[in-house]
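One chain comes next, on its own, written as structure tokens: the form predicted alone.
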């Protein structure tokens, strides 16, 4: 008999499938998850569609085992292939995002439990009495837990089992995710919401690929609208996925989902325990888990029958992954819908310029919600010119904003002060000799975190205690903080309002996801009067009592050379302003600026979204920038600066000459060194219809190869330009 062979794509950094023998008695079909020997270790892999190499079976190694989970759907494998090809990542690394780890795939270990039906043993002891007392409160217990809570040895429980008083039972945990009910808790929608819900629900019923841009102002009820699309998918017997940029911070979303569907969705993000993630993975693969709400990595879950993807806050840069496999989950969600033949919904109050262009061109259905739910008005917005209306020297909050906060406190309302800068101060220097604290591994200043008495680098994590004297001139008490971070703003507000409750929302100050969710819930319930926050506060949170919003240093992002600076500023300021007045209370927002004539700020004040998009799209069109052109960034990095520069120039000169394509650079990256590695950037720019991924792939395959520890990182469709 001819030995049976299969091709297996291993979930490691390789871009090809390897051929293995199938042992006698084992079935291995395309899509099956297997364990195979790879070098000196074992690796997870998937039986791929590629024909096995024509190799002498005597030279092949055999598959070690097959994992007892459903095989991967052919369309998911096609998606893995496409993502790898588009992003220039190794196919095995994309597959790894699907398979995760052996812990996710492993069957749960059986948990032995005991059950009591009420019989009493003939012989009673103090130990047995304690066990039975706990069984009266709860008749079924894991065996070890019952012994622990009763303060007895496991032998006491075993004795009751032998006496026939208790019975053993299998308590192996199952996915504790109740099935959502499409007919539970249906929301009362206004006319605009009902019309929008019907438009996108019709796309779900049609069961074909489509993309709908759900474009509604903050507080317009977009979530309730796409809930109806999810309900339609459930009625059709399909699964649904909701991608959120900060799933760990969106307890409010999970609670709203549970009110609408009578059950919470499966959660998938870094804050979920390994065992719980395994249950979600296996429940998704079996079809038992019907809806998942997750971070960007949830896009690669092996759904049995995925029928809808919703990308909430689709404009958010958190959907871009910047290491290993570099991808934008929003764009990949659209591609997964295209391959799977089902609809995708992109939802935002401030759509990305790319999505807006696609809607204008008719490639996406543009569904609009122009007004807030319940007739609530958007906050009025006022620019505070810091050149004439700024605070006293050494202070950072303008008098007009201070007065508005005081008035809100008197009325029992909340205020939000936004500054997208963590820590106490972005720069610390010596007033005597001018010494500045710089990260030894990055071209970045160390940020003072006064609450923790640390100087920290926000790029590599390097930190050091704040010294008592200048390390350069040894002058005592000479260090001065320059510029504000949220901690410094909090210090100023506590000084101005000593009787008010002040809360600081910053990722480095709140110890973990549960603590962050608790703090957000307390703020929403009115347990804080003044909230100071970074970009965390801009992401979809609902604070009913918020009536004043103040923005500190609104000009910082606008001064950046980033070609997306205007878009980012418009989005984040619009989102922050939208936190106020959501319950119908009249609200006011104040934006502190030194350039009140800036068109982005003027559009926000006027509430004229169309003016911003028209201007930004026109500028992008003239410059050939996305969405009217395509970009790919190549970042060359290494330990030796001269070697990095020399190799980057060689790479540039080896670039292929292709029509409607140009190569810019190399140039030193804005952050020229990170983690001790020097960085040079090249940028490839092409017309929209050009296969830029293919051009870059051909360039790297035929160009000079990096040596001496140098690396080339490719970012197709870059979001960050640092």
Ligand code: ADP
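Note that the structure is a prediction, hence the values are computed from the model and not measured. Residue numbers count along the first chain shown, from 1.
We do not show the form predicted in complex with this ligand, though everything after this point is about it.
Contact between residue 96 and this ligand in the predicted bound form is not found at the 4.5 Å heavy atom cutoff. The closest non-hydrogen atom of residue 218 lies within 4.5 Å of this ligand in the predicted bound form. Contact annotation for residue 640: none of its heavy atoms lies within 4.5 Å of this ligand in the predicted bound form. When contacts are judged by a 4.5 Å heavy atom cut-off, residue 594 does not count as touching this ligand in the predicted bound form. Partner proximity in the predicted bound form, defined as non-hydrogen atoms within 4.5 angstroms of this ligand, places exactly one of 392-400, 413-421, 470-478, 188-196 at the interface: 188-196. Interface residue among 209, 613, 373, 435 relative to this ligand in the predicted bound form, by the heavy atom within 4.5 Å criterion: 373. The listed set 620, 582, 330, 279 contains one residue whose heavy atoms approach this ligand in the predicted bound form to within 4.5 Å, identified as 582. Contact annotation for 220-235: residues with any non-hydrogen atom within 4.5 angstroms of this ligand in the predicted bound form are 220, 221, 222, 223, 224, listed in sequence order.
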